[in-house]
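Shown next as structure tokens: one chain only, the form predicted alone.
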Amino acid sequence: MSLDWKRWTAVLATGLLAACSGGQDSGAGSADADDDAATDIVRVDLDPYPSTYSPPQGETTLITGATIFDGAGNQIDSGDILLENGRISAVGQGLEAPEGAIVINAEGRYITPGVIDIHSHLGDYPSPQVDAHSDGNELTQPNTSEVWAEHSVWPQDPGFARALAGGVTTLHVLPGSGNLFGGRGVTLRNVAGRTVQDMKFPGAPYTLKMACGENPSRVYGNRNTSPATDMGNMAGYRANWIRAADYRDSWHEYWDDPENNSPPTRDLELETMMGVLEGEILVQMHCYRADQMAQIIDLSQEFDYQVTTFHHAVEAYQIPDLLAEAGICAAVWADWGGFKMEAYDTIRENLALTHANGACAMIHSDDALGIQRLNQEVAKALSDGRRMGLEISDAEAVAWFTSNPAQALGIADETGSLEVGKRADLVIWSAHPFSTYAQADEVFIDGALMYDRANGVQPVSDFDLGQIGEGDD
């Protein structure tokens, strides 16, 4: 695929414009196409660094006798699941093994979809944590929409393998939260890759990391520049969305009438924001307080874009109706809060309350260690919810680390639940996944066994070779 602008012939462009406007097919060889034959239309390559991910090769595998939580809210006791050609081909009871299939007896154990973390910085803040590896926060101006987290990802980060041992099959790597507009996030398969492109989830939408509250106002206020307050934050968002809307309109004016308009000068910052306005890039927004989230919802309505998820939403429980009405998810911690004023009003029942009141909710890590125990983080949140009287089943809560983050990343058609036709991403747990003692026994990605605790199957990065990690000896 081209790494630069694409130039489309007039015949192709005429067809595209007709399709966009809902007009009739111009038809090959039409007089209009001939008249426009001398005109080229400039269009931007929206995927200049495409995924080169190649699914690992797995065997046809039948797993039998497990308690299955399918990630879609269902529990199957003594359940079987069949993996063929990297996909889930059957889920149920009493399945027959195809000829030549590997059969795993999982009686007494549990199966869930692979764990998905919507908020990670692995690769951008890799281990060991030293200044030379601090590549996750472009703190040079309030709007750095032009930077892409994938360009900082170090595929050799040992944290990827540690996360895999915790059942993580897919993760979303974001820039940091010091800017109003932090840059693009990227969704990765948790596989070893020589390049980040080898890890990119095929077809996953790009995202834009934004942040509200104390982080951007503290960073730039300390430099005696704007934003220094919440009102400065809002003014900064609005000024930049006005620029982005003008940029988008300039492109559309050119595309609608290329003979009388010139293509705008390409701007990487505005290009990402234009992708949001066009509905192609998903907004992942760092916000803690309910009132701040409500203002961001108003902002998104003013400029007609969709916020996909509020991250670190410690006060989501105060506005589940607003979130549900706006179609916005909340990604939260189980019990991490109070570490700064905007996180002061957190409660341990946040995730369960937000879910029980109709909003899409999920767990997230934002931490290289926390990502290894997301099943236990969900167990804590579920336990707190039940203590206050909320009736939430185990099967429902499994969605908090599987299908709900898949939905918020725009990849739910491919992964996040154990349904026929989806990618065979799953974990066999040694015990109930909400037990303190549960460990991932086996982890499959695209039907291939990528981690096997008993037999020592796990990826090892070049950085790990010859080194003994704490607790590994």
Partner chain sequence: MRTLVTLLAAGAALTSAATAQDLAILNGRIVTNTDQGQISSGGVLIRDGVIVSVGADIEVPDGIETIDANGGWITPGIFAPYTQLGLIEVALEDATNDASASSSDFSVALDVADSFNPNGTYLATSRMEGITRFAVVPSTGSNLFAGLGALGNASGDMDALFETQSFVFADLSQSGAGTAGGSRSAAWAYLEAAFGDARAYPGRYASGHGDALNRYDAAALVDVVRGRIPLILEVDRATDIRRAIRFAAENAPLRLVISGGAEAWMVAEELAASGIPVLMDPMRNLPSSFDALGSTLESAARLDQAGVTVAYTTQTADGYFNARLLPQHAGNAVTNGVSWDAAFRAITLTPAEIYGVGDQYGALAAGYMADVVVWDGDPLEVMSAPTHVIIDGEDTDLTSRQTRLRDRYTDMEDTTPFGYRD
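Residue numbers count along the first chain shown, from 1. Computed from a predicted model, the values in this text were never measured in an experiment.
The same protein also has a form predicted in complex with its partner chain, omitted here; what follows describes it.
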Is the gap between Gly100 and its partner chain in the model of the complex 4.5 Å or less for some heavy atom pair?
no
Although its partner chain is absent from this view, report whether Arg243 comes within 4.5 Å of it in the model of the complex, heavy atoms only.
no
Is there a non-hydrogen atom of Lys380 within 4.5 angstroms of a non-hydrogen atom of its partner chain in the model of the complex?
yes
So, Met341 and its partner chain: in the model of the complex, are they within 4.5 Å at any heavy atom pair?
yes
State the residue from His151, Arg238, Arg386, His252 whose non-hydrogen atoms include one within 4.5 Å of its partner chain in the model of the complex.
Arg386
Students should find that, of Leu277, Ala192, Leu353, Leu299, the residue having a non-hydrogen atom no more than 4.5 angstroms from its partner chain in the model of the complex is Leu353
Partner contact check in the model of the complex: of 139 to 147, 363 to 371, 222 to 230, 277 to 285, the stretch with a heavy atom within 4.5 Å of its partner chain is 363 to 371
Even though the chain is shown alone, can you say which residues of 391 to 420 have a heavy atom within 4.5 Å of its partner chain in the model of the complex?
none
